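A single chain comes next, written as structure tokens; it is the form predicted alone.
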């Protein structure tokens, strides 16, 4: 695998007084699927459009396979794009939509026919080639948009929130299908989304963006279990976050005073430092047995929320404070009720700490 197939180096992009990309750099391996994840306004779509050639960075360089494409027009880059609204032509059939990019490149009808058929088969739409795109469901239109982007055999595929118009169940199905399809084709892909679960499902790596820069770029498992900052922790997944003061620090372990009690975390911060200590809800257990490897605290149940496959328990601190704890259990123990005080615990190794 070529480690630096797509390389964005030191990219800046401004719109008037607003700086949307700020000295941003990104390297993507050949055949890798990388998601750009972040809230509206963080710069992810601007970065995608710069790679596509729909915008040009004010500073920086973009290369694909060692070829500098920074100054090239969009049609000279051999980059496929799937837009949020699919941008299909309603007056054309499915096959004609897929063939459009080939014809624009001057490929003859005789040569385009087999390639369109191959693309239709790739997205399992063989029987729909002669239908108007207006007769298709949202999921089928999304497949056509992907096929149209792939039929030109691009060096890079860019996808700008392609599932946002689909209902949740169909969106989840299409996420898995797209991931399998792109692995089968072996194409390098950049995927823009604001949906954290979507990014975790489809990606080899996820780039979390914040104010025009990449806050963290890593695989989904590391991103969830070892976020590099409070920003990433808050944006990716749910967590309990407790504020506190460091009481002691020794051998890579700190003790922190919180409103729920004293807990330990693997970190090295100076005593007296203000910190936020976090843990994922599913890492917690109720009424834990005594174990030196656990942080064990107490709290009062303020709410119990049934969510189908899991139940969330919300706890208030016994002392004054605004912090709240959220546990997630697959099954609710009998007799548990709001107002009850309970003990809970989580492994010290599952505990994260950040300077507040």
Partner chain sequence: MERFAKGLTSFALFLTIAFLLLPIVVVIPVSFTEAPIFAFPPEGFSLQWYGRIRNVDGLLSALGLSAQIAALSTAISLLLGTLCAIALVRGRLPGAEAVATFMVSPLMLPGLVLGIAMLQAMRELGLRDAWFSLLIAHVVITMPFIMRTVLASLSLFDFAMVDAARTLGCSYPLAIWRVLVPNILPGFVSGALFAFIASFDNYPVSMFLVDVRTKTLPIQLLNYLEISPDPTLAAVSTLLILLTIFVLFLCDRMVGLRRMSSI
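Computed from a predicted model, the values in this text were never measured in an experiment. Numbering follows the first chain given and starts at 1.
Below, we turn to the form predicted together with the partner chain, even though it does not appear here.
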Seminar exercise, completed: Of 125, 278, 187, 88, the only residue with a heavy atom within 4.5 Å of the partner chain in the predicted bound form is 88
For this session: Note which of 49, 314, 310, 298 lies within 4.5 Å of the partner chain in the predicted bound form, where distance is taken over heavy atoms; exactly one does.
Result: 49
For this session: Would you point out which of 175-183, 239-247, 113-121, 97-105 contains residues with a non-hydrogen atom within 4.5 Å of the partner chain in the predicted bound form?
Result: 97-105
Exercise. So in the predicted bound form, does any heavy atom of residue 225 sit within 4.5 Å of the partner chain?
Worked result: no
Exercise. Residue 74: heavy atom within 4.5 Å of the partner chain in the predicted bound form?
Worked result: yes
For this session: Look up in the predicted bound form whether residue 43 has a non-hydrogen atom within 4.5 angstroms of the partner chain, and give yes or no.
Result: no
Exercise. Does the partner chain get within 4.5 angstroms of any non-hydrogen atom of residue 267 in the predicted bound form?
Worked result: no
